[in-house]
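A lone chain, given as structure tokens: the form predicted on its own.
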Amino acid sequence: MDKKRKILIDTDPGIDDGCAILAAMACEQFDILGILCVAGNKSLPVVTPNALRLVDFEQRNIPVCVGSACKLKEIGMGIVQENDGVEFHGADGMGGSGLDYSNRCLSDMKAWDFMLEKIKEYPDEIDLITLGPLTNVALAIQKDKETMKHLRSITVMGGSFERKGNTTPYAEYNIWFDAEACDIVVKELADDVKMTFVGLDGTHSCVISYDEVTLLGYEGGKRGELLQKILSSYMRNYWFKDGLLGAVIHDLFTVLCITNPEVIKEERRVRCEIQLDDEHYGQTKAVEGKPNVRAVMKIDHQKLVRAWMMLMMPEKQELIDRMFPEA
């Protein structure tokens, strides 16, 4: 009997998305059914090739699906997402990875249709991980809400309940980009599907250092070399933008909270509402009432780095034990 966890990844790669997808593909407990692309960090013509690059790099046969080219309220208006995030993610959206790609794994199904098909095939078994805006998920709900209620869980990289936003004073980028979509996901699914937010409260409690990335570059083979390459400009920008010597790799941390839940140091159960008014647009707000989501509030740095290293270079356990001993 196959006991692997069935996973769908909805994403807008993205350097941190790339790190997260590599970690997910390295996890032997994951059966990744598909990678679903959505406009966010970059436009679809940029993020879709990045997903294909990663699948080819790992020599995996994982379907990659094209999703929404814009936020929910812009569908039908002829508007498509432009290439944001150049200063953090580079012109190709993944730190100048230099990876070739093919259309070998490109599916002809739209992301939301693929999502619904897989949930029907594996009801109550699929864990959905969202690393970008929630547009594809909202579109799937609008098409067939009852099927979407048969997800096993949803883990969202996004939001902030106590910490200042990174796009506005109130909002984190993924939620801000398409707050209407996130509002639909929370309102329609949170009371039926286990939902976790890994937002800025949790991710900013942990910083990956230059030394840790350099170690991966030295000892992690092709994976480590790729990670060091794509993270070098990312870390440089963190210094010049935020005065942070290292990097907060949001999407990677989200995946590691699933592969290695011991990295979660503190969490809260809250009732989440998505704010849609102009000033607070995209804010994930904790309100009075029965909790409907779990929010990761703090991450254990030592445990997270150890978990990441073990996924990326499992053959180097002796080195990892020496550098990052178990607590």
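Bear in mind the structure is a predicted one, so any value in this text is a computation, not a measurement. Start at 1 with the first residue shown and count on from there.
Only in words, not in the display: the form predicted together with a small molecule, which the text now covers.
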Of the residues 181, 111, 256, 131, which one places a heavy atom within 4.5 Å of the small molecule in the predicted bound form?
131
So which of 284, 68, 50, 41 reaches within 4.5 angstroms of the small molecule in the predicted bound form, heavy atom to heavy atom?
41
Exactly one stretch in 170-178, 120-128, 141-149, 212-220 has heavy atoms within 4.5 Å of the small molecule in the predicted bound form; which is it?
170-178
Contact between residue 166 and the small molecule in the predicted bound form at 4.5 Å, heavy atoms?
yes
